[in-house]
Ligand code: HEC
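One chain comes next, on its own, written out as structure tokens in the form predicted on its own.
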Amino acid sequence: MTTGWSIWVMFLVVLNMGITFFLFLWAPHAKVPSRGDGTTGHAWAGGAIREGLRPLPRWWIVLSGAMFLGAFGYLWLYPGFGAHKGKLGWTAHGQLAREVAANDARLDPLLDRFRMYSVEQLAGDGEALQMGKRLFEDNCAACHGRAAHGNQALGAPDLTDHDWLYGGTGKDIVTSITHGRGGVMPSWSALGDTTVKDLAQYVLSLSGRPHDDLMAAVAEPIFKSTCAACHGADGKGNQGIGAPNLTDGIWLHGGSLEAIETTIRGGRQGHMPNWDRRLDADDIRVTAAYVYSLSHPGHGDAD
């Protein structure tokens, strides 16, 4: 703190505490004009309500005096009076450093144990899951939801099923969290609106949904000559490039006819940010273990 700011802070402290302390000392002895009946003469409701006058109760004086003593003691022991550092030498940074060190001392043995196991094994460890759940809620729930059921409006996948865009092994999940993912489906509006509608019917047919057989038949060769490059000739997707499986009835952006047509016509842009700048390797592994456990209920019991 510069000298100017230090003087300003001291001025404000002295001004505020000086005024309140003066009033505290003066109030018990102040002489307020009163009438013989103990009222001040102020009346309301045609005289039915009159303002009384009583001395300050002793408990209030004692309590207020104790608060002033506490305030003066605080300014002597802790920073608060200009550049005065306080007799205890306390600082917020110092307290934070001590608390972080104490937390690390408790956490390090736990992390050492976690490093001995794979992500899949950690998915059966209650302490790892407890830590991973907290990290997930703090960092991932904004898009995937606290229950991890995803958000079709954002294109955030449901993490509780067995459908994985980029693979669902522990290693795959760690890679997704660490480096992020970027998915792009191009717009196929150039094919014309009729073709887009036909392709939507064919996509519905791949997952056994009610569809128009004639429109789907027309679109099948178009699908195999264009869409199959990413989704495969059978429509089962490609985890290497994040192309979703179109045969399982699980939809990233919605599975209604309208949503599918919108996806084909306008394309989709998906982006999951990399978290290696916010989470360290240990945090990422326990988060990945928690995510893995969501789609493998009873995994720990099975092990």
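Heads up: residue numbers just count along the shown sequence, starting at 1. Everything numeric in this text was worked out from a predicted model, so none of it was measured.
One more form of this protein, predicted in complex with this ligand, exists but is not displayed; see below.
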Specify the contacting stretch among 83 to 91, 167 to 175, 108 to 116, 122 to 130, defined as having any heavy atom within 4.5 Å of this ligand in the predicted bound form. 167 to 175
Evaluate Gly235 for contact with this ligand in the predicted bound form, applying a 4.5 angstroms cut-off between non-hydrogen atoms, and reply yes or no. no
Classify Thr39 as contacting or not contacting this ligand in the predicted bound form by the rule of any non-hydrogen atom within 4.5 angstroms, answering yes or no. no
I'd like to check something about Trp275: if you look in the predicted bound form, is any of its heavy atoms closer than or equal to 4.5 Å to a heavy atom of this ligand? yes
Even though the partner isn't displayed, in the predicted bound form is Trp188 close enough to this ligand, meaning a heavy atom within 4.5 Å? yes
Ile241, His253 and Leu279 - do all three of these have some heavy atom no more than 4.5 Å from this ligand in the predicted bound form? yes
The one option of Ala147, Ala102, Leu214, Val184 with any heavy atom within 4.5 Å of this ligand in the predicted bound form is Val184
Within 208 to 233, the residues that have a heavy atom no more than 4.5 Å from this ligand in the predicted bound form: Phe223, Thr226, Cys227, Cys230, His231
